[in-house]
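Okay, so we've got a single protein chain in two different forms coming up as structure tokens, structure 1 first and structure 2 after it.
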Structure 1
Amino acid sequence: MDWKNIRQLLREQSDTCARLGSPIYSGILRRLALDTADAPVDEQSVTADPVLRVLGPHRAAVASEMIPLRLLAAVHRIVLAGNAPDLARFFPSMGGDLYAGGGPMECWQAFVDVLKHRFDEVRAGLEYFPQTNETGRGAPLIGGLLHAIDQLGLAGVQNPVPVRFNEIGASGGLNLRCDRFRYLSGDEDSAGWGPTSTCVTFTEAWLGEQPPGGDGSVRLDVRSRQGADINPVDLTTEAGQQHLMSFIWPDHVLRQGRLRCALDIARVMPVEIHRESAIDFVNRLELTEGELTVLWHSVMWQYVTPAEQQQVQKRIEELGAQATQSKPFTHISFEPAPHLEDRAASQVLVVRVWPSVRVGNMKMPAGVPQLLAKGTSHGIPVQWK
């Protein structure tokens, strides 16, 4: 048996967790990788070892399958449900603490015990791909939208600007409400965009230059909000809320707090999420007179097949060709860019607008991709270019 693939994925995700501030997950993943280093070759020995038994079917996994994160979320879901008290004492998401709970070695043993004693639940949980529905990604999405509004000159015509939100890979649809979050360029006393009364606030959301209108001078009139996902999360249920929480790393308490606040917003602002593919959704999308049609997505493109990606891009071009000054259209993406040297900030914000716009004394053709910013997979901070 060759464990090289999965071992490499575990090591890489361990490094990523370390860079993004999760010592608990970084340590667990490093131990998982070590356990596969001297893995036996016979099936009987593999079956007797909890770690190898769980990882065995995924030995040949590739990065896009996200097996390390799927495994961690499956275990975290069990912890959140109150079914792994020994591991819960290490997880801040359950009021625990890594070192007060006994330290990394005891945490590791408690993790292995979950794999051993709740194997069927872990195996079932591995079926779910990551669905963080990360609220921090609202910062690049709103920043990109403000940039599109500025280029199209819409705020000079009508402010608040009439817009329609459309999202593919929407999960539970939290970022279809991201205009209800507040984004600050610095600390809590700095200028920002979004309602001051919200409990979802991001300090230092935009680093470098602030997006145009990011001081709150540009306002939105959101006329509709709709999304699509092949496996949408029902935010009205405790199971759905717990599902989203399981994908947030247990030592990221600020992210957990923002998610809880965003769920409170979602309870009073229902949004329809269609259970369908990205291509089916965009094929139904039409532009409307007097409104800016927005199509956006964040950290989901890697889960779309190359064939479907081509179909979605084709439909985006068709919508762009239909755009006019009174029926503008923008496509906003915040997706991985593996070529970036900065591995901690590997997502890039790209915005396209239709019809053609004038920037200064130059006319920019419609639909030109504009790379505006980069950020982490969790969205913030966004380094504006």
Structure 2
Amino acid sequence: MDWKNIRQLLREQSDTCARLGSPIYSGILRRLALDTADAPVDEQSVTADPVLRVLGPHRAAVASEMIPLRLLAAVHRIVLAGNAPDLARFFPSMGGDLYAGGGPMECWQAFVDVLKHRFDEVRAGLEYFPQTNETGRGAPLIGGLLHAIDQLGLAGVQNPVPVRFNEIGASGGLNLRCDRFRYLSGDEDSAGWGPTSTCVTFTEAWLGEQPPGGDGSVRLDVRSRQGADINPVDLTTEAGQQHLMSFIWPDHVLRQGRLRCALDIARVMPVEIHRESAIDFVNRLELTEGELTVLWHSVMWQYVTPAEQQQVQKRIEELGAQATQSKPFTHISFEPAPHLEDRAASQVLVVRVWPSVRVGNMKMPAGVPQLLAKGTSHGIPVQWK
């Protein structure tokens, strides 16, 4: 029995967690890797050890299967449900603290106890692939939309600007409400865009030159919000909410707080997320008179097959060709750019607008992809070019 693959994945994920500010997960993963290093070869001892038993079926896993994160989330879900109080003492997501709780060794022991006593639940939880819904990605999306509105000259005609939000790969659809979040250029007192009353507020969300109208002077009249996902998260259920929360690492309390606030917003602003693929959704999409039709997506394109990507692109071109001054269209994408060497800011914001627009003294042909900014995998901060 060879544990090399899974051991390597656990070590790599441990390093990533350490780099991205999760000492709890980093420590647990390192211990898991150590346990597999001493793994006995006979099936009987594997069955007796909860760590080896849970990881055994995944010994030959490859990185894309994300087994380490799936295992951690399966356990986190049990903690969040209140069913692992001994481990909760260490998890800031439950008000705990790694050191006040007793330190890494005790935390590890409590983790193993969950594997031992709730084995079937953990194994069932391993089925779920990491799925988040990052509200911070609203910062590039709204900024991109403000650019599109500026280029199309829409705020000069009507302000608030009538728009329709459409999102593919929307997950729970939190970013279909991202006009209800607030984006600031600096600290709490700096200029920003979005309602001052919201609890989803991002300080230093936009770095460098601010999006046009980003001081709040351009407002939106969102006429409809629609989304699609092949595996939508139902935010109206406790299970759906905990599904999203379980994939946020327990020490990332700021992100957890934002998610809780965004869920509160979602509760009073229901949005339907259709269970369908990106192509089925865009094929149904039509432009409407007197409104800017927005199609956006973030961190989902890599999961779409090349064939579907091509079909979606083709439909975007068709919609673009139908756009007019009174029926404008924009495609806003915030997706990873593998060529970027800056690991901290590896996503790019690309905006296309139809019909053709005037930029300064130049008439820009319709649909030209404009690279406007880069950001982190969680969206913020967005660095405008």
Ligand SMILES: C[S@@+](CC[C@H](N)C(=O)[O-])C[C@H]1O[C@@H](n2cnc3c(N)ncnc32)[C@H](O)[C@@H]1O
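Rigid core (definition): largest C-alpha set, two forms, superposition within 1.5 Å. No experiment lies behind these values; they were computed from the predicted model shown. Residue positions are counted from 1 along structure 1's sequence.
- Note: the form predicted on its own is the first of the two, structure 1.
- Assignment of C-alpha atoms to the better-fitting superposition places residue 176 and residue 100 in two different rigid parts for the change between the two structures.
- A two-part rigid-body description fits the chain between the two structures; in it the smaller part is rotated by 13 degrees against the larger.
- Taking the core as the reference frame, the CA atom of residue 126 shifts 3.8 angstrom between the two structures.
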